[in-house]
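Read the single chain below, which is given as structure tokens and is the form predicted alone.
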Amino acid sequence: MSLSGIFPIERWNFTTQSILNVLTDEDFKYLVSHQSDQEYHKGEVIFREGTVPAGIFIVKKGKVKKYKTDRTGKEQIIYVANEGELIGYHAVLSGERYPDSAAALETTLLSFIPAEDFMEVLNRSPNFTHRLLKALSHEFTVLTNSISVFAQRTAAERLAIALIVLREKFKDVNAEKKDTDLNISRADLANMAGIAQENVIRLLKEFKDEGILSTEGRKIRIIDIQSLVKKSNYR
């Protein structure tokens, strides 16, 4: 079932998938002329906060979590990047170190593009620059929305929103079935919702008892998206 009309999912998703579509064939060939592909297994770190960027990454397959880590080592997942999205380009654009870390949520294939190639194409393609600026502006809106909403929400509402966002990330647009399976650890789910793992386990049981979802091992299947949206209490 589509979220159209019942939940503003666009306020929770970045829009970098379409950025490369504005490149001419020549510029695109230049951008990927020195690219290299690498597979990352679940939990493998792609880059760490505070390190110097050497380039950007395109998610070709799988999912990547972007997160911050506090002094105690606790993670706060900021965003989950999906197939087709770009990651790591903020640090390249600013000429600074990575402001966050990234790791694979599942087996993931990434294309690495050297920073100099990315900046060269950015300098010679006004359309690419314009689309990237629009994407960055939208990302600011998404992050501002996340901060303001999660600061004022109950644990149940935050978990519901996290599950709705993840459903959009995990759903197969080509599949005819309406149910969506989320393959994510309870720890990652807790870090995304910003609540304790024991609260995630308790709330998932409550949602399960209400027929909103089912679980099998670490997999979570969303059965009743309308009830989940109602749980989120999002207006």
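One rule holds for the numbers: they count along the sequence shown, beginning at 1. Since this is a predicted model, take the numbers as computed values, not measurements.
The discussion below concerns the form predicted in complex with a further copy of the same chain, not included here.
- prompt: Of 160 to 168, 80 to 88, 133 to 141, 104 to 112, which is the one stretch near a further copy of the same chain in the model of the complex, taking non-hydrogen atoms within 4.5 angstroms as near?
  reply: So the stretch in question is 133 to 141.
task: Can you work out whether a further copy of the same chain is within 4.5 angstroms of a heavy atom in all three of 49, 75 and 147 in the model of the complex?
output: Yes, the whole candidate spot contacts a further copy of the same chain.
- request: Identify which of 197, 69, 183, 36 has a heavy atom within 4.5 Å of a further copy of the same chain in the model of the complex; exactly one of them does.
  value: Partner contact (heavy atom, 4.5 Å) among the options: 69.
message: At 4.5 Å between heavy atoms, is residue 155 in contact with a further copy of the same chain in the model of the complex?
response: Residue-level check for residue 155: no, no contact with a further copy of the same chain.
- request: May I ask you to state whether residue 100 is within 4.5 Å of a further copy of the same chain in the model of the complex, using heavy atom distances?
  value: Residue-level check for residue 100: yes, a contact with a further copy of the same chain.
query: Does any heavy atom of residue 116 come within 4.5 Å of a heavy atom of a further copy of the same chain in the model of the complex?
result: Because no heavy atom of residue 116 falls inside 4.5 Å of a further copy of the same chain in the model of the complex, the answer is no.
message: Do any residues of 109 to 130 have a non-hydrogen atom within 4.5 angstroms of a further copy of the same chain in the model of the complex? If so, which ones, in sequence order?
response: Residues within 4.5 Å: 122, 123, 129, 130.
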